[in-house]
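Before any questions on binding or motion, here is one chain by itself as structure tokens, the form predicted alone.
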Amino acid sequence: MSDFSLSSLMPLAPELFLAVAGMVLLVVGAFMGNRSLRLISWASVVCYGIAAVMVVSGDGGRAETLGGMFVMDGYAELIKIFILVGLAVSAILSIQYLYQEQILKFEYPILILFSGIGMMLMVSAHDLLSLYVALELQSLSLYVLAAIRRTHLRSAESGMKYFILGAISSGVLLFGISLIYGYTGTTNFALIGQALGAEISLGALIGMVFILAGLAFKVSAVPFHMWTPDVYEGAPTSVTAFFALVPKLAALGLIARLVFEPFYPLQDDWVQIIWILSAASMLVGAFAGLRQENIKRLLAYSSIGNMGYALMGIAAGTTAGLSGLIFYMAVYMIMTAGTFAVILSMRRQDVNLEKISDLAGLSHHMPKLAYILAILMFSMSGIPPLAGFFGKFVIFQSAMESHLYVLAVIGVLTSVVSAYYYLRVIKVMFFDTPAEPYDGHISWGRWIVLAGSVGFILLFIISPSSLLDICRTAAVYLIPSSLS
């Protein structure tokens, strides 16, 4: 019983705080109704800030709780900080959009909050059971968010597709967990690693394959990407922004913990799996994105391609690769936040615009937004000296150091191909015939996100190693043996 004392739960203090805050906000919403949407949204942003302070105020060491089912270390702390930043940005970006589209549901920010709790628990999961519970807490909230506009056909369709395919992936994941438990006799990460280190069985190897397949769905890695373009296009744009910003960061953080802790003895096998997922994702993301006319579908394929680059860091199997993964996802999240801030601001006659052709004349009617989006597109293309270039450079460098030459070449070539559709957006904004004027009002919250995103991308060159050093320090907690 002493294991479940109040002091033993301190590593989970940020998650417990958010859970209590979510319950309180749910009660407020139940009493005040949908008119409390703005209040609850900003209150949730404040809660994310408080939770971030609680994460940072930890001692920086490694602590386990709930019988070793959850762990808090420097790696989990950094990922959680990024998750909380993404949650806050998602909430800020959504407020004006929800009122413009008349999606006045107080449950919206609360669902984001509870999914965020699931993501934070995923990163700290140290047991296959706690992993599954955290993953489902995140997923169930995301299913509802995708279909939150129930009277809208495309939103309901995207929510149904996401739910059905997500349920299948959960079944695949559970089957893999059952195999691992059957062949190792435990669900604890440390004990699984010990069992696999002593004897590697074919059943446990197949179980790992099923688990990685289930998690590959969460990061929309090819060939488990089929839901991404339809859900991105059909869901409300603010929900699409949230999907692009945070859940994949948490899922990649979980995959990294799995392969570097319990499955580390199977490195020769999982590297091949991650290699294939990475290469296929980069190729599909680059070439399928060339034919897209809807900007949300374009960003869906861009996301698939970017997950391929991130998985390259895991395939490297080193501290440099893992730190490159964290670094790349942080840069990607910031670039994506700015991009969606611009997309959410694209309105004409009070209708949100989604076609790439709708960007025609943006430089004429709203030059600030046009130049901001151009900077973001250049960064996503990997043009130096913007932050996106350093993100790809670090990933490719770690792949080369691990002798993944073919994968690195595929990454460079697909990066060149994908640059076409990023630069196409710039061409449409600046050179196509101007269309009708846009609605001019943009909330100050979106301007803050835009300023932060562009400022980071432009000023990153001043001290590019600062963030990378932080990521390296966090990566050491997962694979300290690679420092030798």
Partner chain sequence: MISAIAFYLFALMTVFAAIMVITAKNPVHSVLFLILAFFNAAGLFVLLGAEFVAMILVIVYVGAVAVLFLFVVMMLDISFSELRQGALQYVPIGLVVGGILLAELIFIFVGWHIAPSAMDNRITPMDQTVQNTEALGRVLYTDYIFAFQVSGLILLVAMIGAIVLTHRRRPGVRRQKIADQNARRPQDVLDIQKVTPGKGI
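The structure displayed is predicted, hence computed values, not measured ones. Positions refer to the first chain, counted from 1.
Absent from the display: the form predicted together with its partner chain. The rest refers to it.
By the criterion of a heavy atom within 4.5 Å, residue 104 is excluded from the residues contacting its partner chain in the predicted complex. Its partner chain is not drawn, but in the predicted complex it has a heavy atom within 4.5 Å of residue 150. Heavy atoms of residue 413 never reach within 4.5 Å of its partner chain in the predicted complex, leaving it off the interface. Among residues of the shown chain, residue 274 is not one whose heavy atoms approach its partner chain to within 4.5 Å in the predicted complex. Interface residue among 223, 384, 185, 171 relative to its partner chain in the predicted complex, by the heavy atom within 4.5 Å criterion: 185. Here is the short version: of 393, 287, 371, 175, the single residue with a heavy atom within 4.5 Å of its partner chain in the predicted complex is 175. The three residues 10, 81 and 98 each lack any heavy atom within 4.5 Å of its partner chain in the predicted complex. Heavy atoms within 4.5 Å of its partner chain in the predicted complex are found in one stretch of 343-351, 306-314, 400-408, 191-199, which is 191-199. Along 137-162, a non-hydrogen atom within 4.5 Å of its partner chain in the predicted complex is carried by 137, 140, 141, 144, 147, 148, 150, in order along the sequence.
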